[in-house]
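Shown here is one chain on its own, the form predicted alone, set out as structure tokens.
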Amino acid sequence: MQLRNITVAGGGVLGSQIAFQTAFKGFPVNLYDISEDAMAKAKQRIESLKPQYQRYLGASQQELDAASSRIRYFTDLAQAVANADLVIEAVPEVVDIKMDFYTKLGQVAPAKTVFATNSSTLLPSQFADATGRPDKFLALHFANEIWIHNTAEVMRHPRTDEQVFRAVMEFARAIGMVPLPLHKEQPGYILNSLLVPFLEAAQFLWVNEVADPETIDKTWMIATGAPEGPFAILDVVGIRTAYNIAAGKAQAGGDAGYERLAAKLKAMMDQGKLGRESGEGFYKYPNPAFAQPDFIKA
């Protein structure tokens, strides 16, 4: 099974990264999003990635232009997946949105097409029946800043076909990732099983007014030698994603702590503070306080 023609559904922070990385490695990519406005933002995100590829990977302008030429943009789902071997879903981390997307995708995608979710916390088995092809469905989770943090967690569910699992592993390797096989479903996979509790612990210190984000980050950086603290990481992840996770947990469990957290994150979003993508989240960019030489000095 060869996965050559790739569609990425969702041009947000990570979806745009997946699309560009895949095109950079020589694959034709169709990028789908729901509106012209969303697509315009996706194009801006992709343009903003090019300096990072020059800085970190030494990419030439010719290589970057070639990658751009391999990406086509669609707001019609049927057209976007008409010849897809693999669809990578990167739509918002909301169960109802994903369920609706897979129901529609299953109706228009060719029978050959493999579906992969890039969900950060949700399990593929939650959506397997909605796809109409549970044997051709699994999770393919990337870390943010994909060109540096090149992990690809490939997680099957009980009905995923072995050939599909292996094909997605090979695809991940072909686009420059380190494929990490998960043979059993795990909420949060490997990375987020470690990362999400860490980020939530920091957020609750903030929500409960124990300390402000800079103090929390400073504590972590000084004590562990890490280059960034949890709130700097949250700015990369994106405030919208953090809000969706908190709001989902608040709705599922009626937890007052998650409700307060979701409310504070929603207030940031209402102010246009979405993280690095908007130029401000917990820090202001391009010169955030945590990156200044005196941030962790006495």
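All figures in this text were calculated on a predicted structure; none of them were measured in a lab. Note that residue numbering begins at 1 and tracks the sequence as displayed.
Beyond the structure shown, there is the form predicted together with a small molecule, which is absent from this document and is the topic of what follows.
K.L.:
Identify, from the list 92, 187, 106, 176, the residue with a heavy atom within 4.5 Å of the small molecule in the predicted complex.
P.N.:
Checking each option against the small molecule in the predicted complex, the one that comes within 4.5 Å is 92.
K.L.:
I'd like to know if residue 118 sits close to the small molecule in the predicted complex, meaning any non-hydrogen atom pair within 4.5 angstroms.
P.N.:
Contact check for residue 118: yes, within 4.5 Å of the small molecule in the predicted complex.
K.L.:
Indicate whether the small molecule has at least one heavy atom within 4.5 Å of a heavy atom of residue 288 in the predicted complex.
P.N.:
No, residue 288 is distant from the partner.
K.L.:
Does the small molecule get within 4.5 angstroms of any non-hydrogen atom of residue 274 in the predicted complex?
P.N.:
So residue 274 does not count as contacting the small molecule.
K.L.:
Using 4.5 Å between non-hydrogen atoms, is residue 98 touching the small molecule in the predicted complex?
P.N.:
Heavy-atom contact with the small molecule at 4.5 Å: present for residue 98.
K.L.:
Which among 56 to 64, 265 to 273, 32 to 40, 242 to 250 is in contact with the small molecule in the predicted complex, heavy atoms within 4.5 angstroms?
P.N.:
Heavy-atom contact with the partner occurs in 32 to 40.
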